[in-house]
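A single chain comes next, written as structure tokens; it is the form predicted on its own.
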């Protein structure tokens, strides 16, 4: 556990190195000539696509898709830019989708620490960024997020500023906040309530609790929460769950949700993750929640690094893909 905890604690160092990485075989793409951008990836790699896609929805006049499967949507064609992200480079679903992207002659770029994805990328000469090896994929978020932004800054001149990214991962109070969150989550199933503007952080939180703390976890998104999930709390057993409302600054829908749930006497914590810019908020929130999930694993006496169920799934997928090839 200590080794993984230290990996999270050293995120600022990991990020600093990642921001100095090179984009190999870069090309310039006129945004006006691109039909859309699709991010392909699974698990800890796939959430990077969620994060960047949410940002792009507000910044570029292009369709943006995230693909977490073996196949691409039919509309992803030769006019689209496909950003494939696989920390290991051997994620079977991602490799299958990339093969389809190549067959459709889509514009491809990749992020990985090596593996079959980088072998193919080198062969094709497509834009790519190598990320540092030696991390669990979920602990390599800073490297992969930096790589994605470096790629898009280079390929489509996105101009995302990364100047303050490292600083938000140096907050001396972050570990204390994480310890408090981990202690709160003991004894119930975590439920994260998040606003749509930082929705990917809710996905990230769920995934971290799943993999590190070995717990089922739920994430609900406002304002959709107010049209269905809100009713479920009228009679859900109060000792079953621990609710965390992720707030991006004071006021608004997140505070309404917290007030409503408190009135129903649920065990609840509000975590303000707002740190100015979108990416800084996602990085800080992911850092604190990642630390908390490892600490929660310790409190539950489970191994945060082991993911035997994922390995079991991967064995099935290998035979599944052979059958459907």
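Positions refer to the first chain, counted from 1. Just so it is clear, the structure is predicted and the values come from calculations on it, not from any experiment.
What follows is about the form predicted together with fructose -6-phosphate, which we do not show.
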Exercise. Among the candidate residues 102, 136, 189, 124, which is the single one with a non-hydrogen atom no more than 4.5 Å from fructose -6-phosphate in the model of the complex?
Worked result: 136
For this session: Tell me, please, which stretch of 67-75, 250-258, 194-202, 80-88 lies within 4.5 angstroms of fructose -6-phosphate in the model of the complex when heavy atoms are compared?
Result: 80-88
Exercise. Quick one: does residue 49 come within 4.5 Å of fructose -6-phosphate in the model of the complex, counting heavy atoms only?
Worked result: no
For this session: Determine whether any heavy atom of residue 286 comes within 4.5 Å of a heavy atom of fructose -6-phosphate in the model of the complex, and answer yes or no.
Result: no
Exercise. Even though fructose -6-phosphate is not shown here, does residue 43 get within 4.5 Å of it in the model of the complex, heavy atoms only?
Worked result: yes
Problem set entry | Interface membership of residue 310, fructose -6-phosphate in the model of the complex, 4.5 Å heavy atom rule | yes
For this session: Scan 199-216 and write down, in order along the chain, each residue with a heavy atom lying within 4.5 Å of fructose -6-phosphate in the model of the complex.
Result: 211
